[in-house]
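Here you get one chain, nothing else, as structure tokens; it is the form predicted on its own.
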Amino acid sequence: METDKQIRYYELLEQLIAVTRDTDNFSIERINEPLAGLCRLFRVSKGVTEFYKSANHEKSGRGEVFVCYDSGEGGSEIMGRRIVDESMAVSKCRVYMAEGTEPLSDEEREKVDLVMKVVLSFISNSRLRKIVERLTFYDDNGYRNMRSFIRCLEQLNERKQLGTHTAVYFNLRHFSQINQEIGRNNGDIVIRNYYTMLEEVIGDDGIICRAGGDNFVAIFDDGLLIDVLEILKGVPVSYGSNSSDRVNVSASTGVFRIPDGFVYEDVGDIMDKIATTSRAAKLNPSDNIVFFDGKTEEGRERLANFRKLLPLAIENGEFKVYYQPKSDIQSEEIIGAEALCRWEHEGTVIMPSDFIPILEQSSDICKLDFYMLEHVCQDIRRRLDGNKPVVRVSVNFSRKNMMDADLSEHIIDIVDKYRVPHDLIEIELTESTTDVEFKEIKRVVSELQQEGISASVDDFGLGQSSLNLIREIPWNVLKIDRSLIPIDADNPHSTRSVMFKYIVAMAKELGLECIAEGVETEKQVNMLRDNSCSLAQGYYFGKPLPTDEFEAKLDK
């Protein structure tokens, strides 16, 4: 009889060890069967294992408890074992025996102890693998990371299923404003709920991962594209228990429908396509969904070509400064100018709209900004040395420059290099879309003003937080975008006329110099007079002119 019991013990132990080693096919049911058999064999009424990430978690009871066998008879603990692994995680195993049950012999205790060692070793290694998996494929906030995305791409490619899938890269639109309105903690809840919403639609045949901040990537079955895009176009997302605790969330999204026969070599083959189209969607005011196509590929080639040509074009002086006058509408006298860039390449003049947006996709635009500032300072210095009249000139600086922690210092260095009086230079900056950029713009504007260099907010009225922009940042000049300038067909009570009237009044009340952009007709000039806006820029007063033509006009 005892021999039969020993044979049964070794059979169950061998079965248990085999299950714990077969990690690819592991399941709770498979390990339960030999454990239950062993518990019955040794008259154990209950077996419990516990796992804690640390000793502190063990003290506070924050861990995982797994009841591997329970006969329902209750009882008291008769044996226990505890181990701490190299990661300081704690694994415990305890066995119980019902009252009145024959106690374990010394030999039986040794065998039960061996079973507990096998179970603890497995539990410890299994949980450790899960921890490593989480650290490798999830970020600190519990979102799947880019390694998860790459792994999914490679698995789909191995199964030759990429051709039935769609990849997207998306950025949550205006999320800094949402954080300002509802608080960052609620904003985090919104992101999680939006992520979960997409995760439920995508299901197990795809994946959604966080690429950093409010940027995400996903790949999913092409048949789900319409459902996914409905969410990305914009949906209300809850963050509280009240029905009113919700905000609308949408995303700027780049989409690549992977064609049959697509050759995948590395993650860049897909990321380049969806990241490029996502940036295009972010710049597109009319559509926040952009699909990758041949035109997108052409755009990438143009970017690569422009980036290749840029250093030589700067060295050869192919970029020319054109000046557009800023005028006093009463006297029509030139009181300033905006420096605008034209690219003269191989006998052709390339307009800014053809190359500025492309250079904006990289930090190359910063090189061009400083090139323009340097040439403006050269022109002003030349005229000062010739005792000729000069006016304040504004130079545009891209938001990409906000990455430069010493931006204001670098601007001042160039101005001082040519001994240009600081009051003759104005730096134009467009509205920021992120909290970080906003803070940096505020810092740069303040530092420039301390040195007597003016700063203007360009295209006022186009951004989503224009009022906040002028409330928080001490600008010198407010440039009202042409979209807010009434046209000839507008009457004094039209929406555009009323808005313009109060923007000018607000600017004056705040002590800002106010200039209207895009003024083209005499009726618009009269409307500016009626609203006490005395400065204007536009074709009515002069188009952008080459340096010599502008200077000739200034000399008059």
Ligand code: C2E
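From 1 onward, residues are counted along the sequence shown. All values reported here derive from a predicted model rather than from experimental measurement.
The same protein also exists as the form predicted together with this ligand; that form is not shown, yet it is the one meant from here on.
Student: Would R342 count as touching this ligand in the predicted bound form under a 4.5 Å heavy atom rule?
Tutor: R342: contacts this ligand in the predicted bound form.
Student: Answer with yes or no whether L368 is in contact with this ligand in the predicted bound form, where contact means some heavy atom within 4.5 Å.
Tutor: Taking the distances in the predicted bound form, the answer for L368 is yes, it comes within 4.5 Å of this ligand.
Student: Hey, in the predicted bound form, is G63 touching this ligand, heavy atoms inside 4.5 Å?
Tutor: Looking in the predicted bound form, residue contacts with this ligand do not include G63, since no heavy atom lies within 4.5 Å.
Student: Just to confirm, K282 within 4.5 Å of this ligand in the predicted bound form by heavy atoms?
Tutor: No, K282 stays farther than 4.5 Å from this ligand in the predicted bound form.
Student: What is the one choice in L312, I226, A405, M351 with a heavy atom within 4.5 Å of this ligand in the predicted bound form?
Tutor: Only one option qualifies, and that one is M351.
Student: Of F149, F170, F397, F256, which residue is found within 4.5 angstroms of this ligand in the predicted bound form when only non-hydrogen atoms are counted?
Tutor: Looking at F149, F170, F397, F256 one by one, just F397 meets the 4.5 Å heavy-atom criterion.
Student: Partner absent here, but in the predicted bound form, which of 32 to 40, 484 to 492, 519 to 527, 54 to 62 has residues with a heavy atom within 4.5 Å of this ligand?
Tutor: Heavy-atom contact with the partner occurs in 519 to 527.
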